[in-house]
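In structure tokens, the next block holds one chain alone, the form predicted alone.
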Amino acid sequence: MNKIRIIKPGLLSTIQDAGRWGFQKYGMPVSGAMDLYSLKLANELVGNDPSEACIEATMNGPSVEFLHDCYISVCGADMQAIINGNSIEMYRTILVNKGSNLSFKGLKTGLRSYIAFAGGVNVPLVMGSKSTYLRGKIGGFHGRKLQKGDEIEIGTYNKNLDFKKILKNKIPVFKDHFVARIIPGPEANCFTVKGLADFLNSEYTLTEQCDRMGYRLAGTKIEHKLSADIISSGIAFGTVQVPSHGEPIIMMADRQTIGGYARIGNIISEDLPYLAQLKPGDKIRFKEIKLNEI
């Protein structure tokens, strides 16, 4: 049985796959990787299904001991991955020998890294997904973030796996400022002309109140025509709500399934991986586009 052992968990390391789909009508969030593109790249490099579970590390990565030989890859945020003290290259297949230790020196760019293991992570499926939903304490490894001493089983894999490397033009570049493309939301007409103009012409700062559920932004307040409240309606990854205080909130992977604030717009799916890599203090602007421009 192939296993890894968590020596240090890092700030927030969880098991995440492509999400828990088909259960929002029962109030169950989708969860899954915040940066789905990086998760899929990491899995491609080790011969896994693109939706297979990885370790999602936030801000600083874990220290992992390998109890058997294993192929891995690291994609997403650059946390300066090292094996036994030696730097390794991201976005490529790496063979790690039994007894070796993977760790990270510190964050350089982005916020979330994805560590994929050939054969995938063997944790139970909950509603068809291995993803951890922290607030519900389900999925992943015992429904929680990883802790020191956790031993996680890794699935079987091809011992003659081909070594791959992601082409440079396929590797995302993460910066501390981002222009998110957005399509108008169902309640865009609930905002004044000035409010809509302010939304599209202002720069917002990601506050400390940001997590896997949602991002609160600080900046120019957006005017409603009347009330911010609506009949609770469905929300998606990237939905931008504006409560009565006028500052936008972006819904993320662990978002609730419905919300009662006016939806001014939705960030397009292609831009969500970059959004997921922003950290507190980073800047974001919004640019409206039409569906036929995507």
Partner chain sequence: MLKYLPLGDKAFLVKIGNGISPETHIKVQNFSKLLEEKKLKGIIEVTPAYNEILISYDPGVLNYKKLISELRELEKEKINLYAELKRIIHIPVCYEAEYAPDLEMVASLNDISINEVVKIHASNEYLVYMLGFTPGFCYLGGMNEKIATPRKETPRTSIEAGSVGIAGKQTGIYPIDSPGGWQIIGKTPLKLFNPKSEPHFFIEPGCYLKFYRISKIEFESIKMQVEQNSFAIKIEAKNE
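As the structure is a prediction and not an experimental result, all values here were calculated from the model. Residue numbers count along the first chain shown, from 1.
The following text describes the form predicted together with the partner chain, which does not appear among the structures shown.
The closest non-hydrogen atom of residue 263 lies within 4.5 Å of the partner chain in the predicted bound form. Residue contact with the partner chain in the predicted bound form: residue 291 places a heavy atom within 4.5 Å of it. Although the partner is absent from this view, residue 138 contacts the partner chain in the predicted bound form, with a non-hydrogen atom inside 4.5 angstroms.
In the predicted bound form, none of the heavy atoms of residue 226 sits within 4.5 Å of a heavy atom of the partner chain.
Residue in contact with the partner chain in the predicted bound form (any heavy atom within 4.5 Å), chosen from 199, 114, 133, 117: 133. Interface residue among 126, 90, 206, 180, judged by heavy atoms within 4.5 Å of the partner chain in the predicted bound form: 126. Judged against the partner chain in the predicted bound form with a 4.5 angstroms heavy atom cut-off, the residues 58, 80 and 274 are out of contact without exception. Only one of 63-71, 229-237, 38-46, 245-253 lies within 4.5 Å of the partner chain in the predicted bound form by heavy atoms, and it is 229-237. In the predicted bound form, 21, 22, 23, 24, 25, 26, 27, 28, 29 are the residues of 17-54 with at least one heavy atom within 4.5 Å of the partner chain, listed from first to last.
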